[in-house]
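Only one chain is shown below, in structure tokens, and it's the form predicted on its own.
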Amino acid sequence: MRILVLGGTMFLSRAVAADAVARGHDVTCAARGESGTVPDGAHFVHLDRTAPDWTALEGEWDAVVDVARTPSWVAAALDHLAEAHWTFVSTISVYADHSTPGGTPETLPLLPPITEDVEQDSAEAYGSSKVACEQDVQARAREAFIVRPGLIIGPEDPSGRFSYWPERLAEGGEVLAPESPDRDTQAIDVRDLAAWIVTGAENRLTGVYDATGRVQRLGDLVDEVSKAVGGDATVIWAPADFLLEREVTYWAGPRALPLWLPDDARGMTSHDVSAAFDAGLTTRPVGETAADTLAWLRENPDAPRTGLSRAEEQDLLDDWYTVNG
């Protein structure tokens, strides 16, 4: 197949291109080339989507994979490439309801679309822009495969969200964790998601799917990661009020406990993804992802990090023992 990846130089789009090349497809990555290099075996075409020149991409394509978030970029690409099988990588941020567990594309309401290009400085603006992109693809592409991932993890992750846990648990000692081991969590290895996207293109899969791993207990994830990275951690689960009183933040960023979500966002990590698995998605154990992520972090000491610093964590543990004796 002739596969065009709009992107292909970092994380998911690069993993898609690499998987497609490994299967023997003729792969072209169209990007500015500023975020990294394309995988070995893929062709690179310079494309600046703020002022695109599509002449180098003329001709017939069997499949297009697009990860864009800007409605005008997607619209312009569709003007030239709508006859191909089109995979649009969206996000679970398109949903207006993040509190209901077990949600699916059929049961959860969407945010209203924002069709103009806006500053995506909030989750709502990002999600609404992706809704507009999805709807344009569904309206105009000959075959539309809409993929809504949750948390994507693994080597080369530019967010550092999951990466915090394999690195911290490998160090061992007392490790602070948020709230309860019974909290739900969900994630998918970037390589598994990429493989399913390529399979979807090969099989000309259509429809809308939430695409992430199956729901698991946060405590089980922490235990599996700890075993995979060889740590001897003792996990201290601190309740939300203790953490919030000390200005620990959710999900990612400075002074955060990654993967922790507030109660009104619990549905984000408890989607029913059985439809994607029925359509061929397969996932590896999170321990394998953790070990590979840790190896990548050690090979790339300047890779993005997020979450509590070790000094911040120790201060919180000291407070914990002061409060609890």
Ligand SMILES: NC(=O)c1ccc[n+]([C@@H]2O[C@H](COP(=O)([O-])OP(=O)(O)OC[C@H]3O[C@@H](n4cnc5c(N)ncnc54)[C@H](OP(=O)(O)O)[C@@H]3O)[C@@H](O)[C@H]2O)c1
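Numbers follow the displayed sequence, beginning with 1. Note that the structure is a prediction, hence the values are computed from the model and not measured.
As for the form predicted together with this ligand, it is not shown, yet the points below apply to it.
Student: Which one, Leu169, Ile152, Val137, Val198, lies within 4.5 Å of this ligand in the model of the complex by heavy atoms?
Tutor: Checking each option against this ligand in the model of the complex, the one that comes within 4.5 Å is Ile152.
Student: Which listed residue (Arg284, Arg32, Arg266, His43) meets the criterion of a heavy atom within 4.5 Å of this ligand in the model of the complex?
Tutor: When this ligand is considered in the model of the complex, the option within 4.5 Å is Arg32.
Student: Based on heavy atom distances of 4.5 Å or less, which listed stretch (234-242, 137-145, 86-94, 220-228) is in contact with this ligand in the model of the complex?
Tutor: One stretch meets the cut-off, namely 86-94.
Student: Quick check on Asn300: any heavy atom within 4.5 Å of this ligand in the model of the complex?
Tutor: Although this ligand is absent here, Asn300 would stay clear of it in the model of the complex, with no heavy atoms inside 4.5 Å.
Student: Is there a non-hydrogen atom of Tyr250 within 4.5 angstroms of a non-hydrogen atom of this ligand in the model of the complex?
Tutor: No, Tyr250 stays farther than 4.5 Å from this ligand in the model of the complex.
Student: Is Ala22 close enough to this ligand in the model of the complex to count, meaning some heavy atom within 4.5 Å?
Tutor: Result no; Ala22 lies far from this ligand in the model of the complex.
Student: Indicate whether this ligand has at least one heavy atom within 4.5 Å of a heavy atom of Thr50 in the model of the complex.
Tutor: Taking the distances in the model of the complex, the answer for Thr50 is yes, it comes within 4.5 Å of this ligand.
Student: Taking Thr9, Leu12 and Arg69 as the candidate spot, are all three within 4.5 angstroms of this ligand in the model of the complex by heavy atoms?
Tutor: Affirmative, all three are within 4.5 Å.
Student: Using the arrangement in the model of the complex, list in sequence order the residues of 291-320 with any heavy atom within 4.5 angstroms of this ligand.
Tutor: The stretch 291-320, when checked against this ligand in the model of the complex, contributes no residue at the 4.5 Å heavy-atom cut-off.
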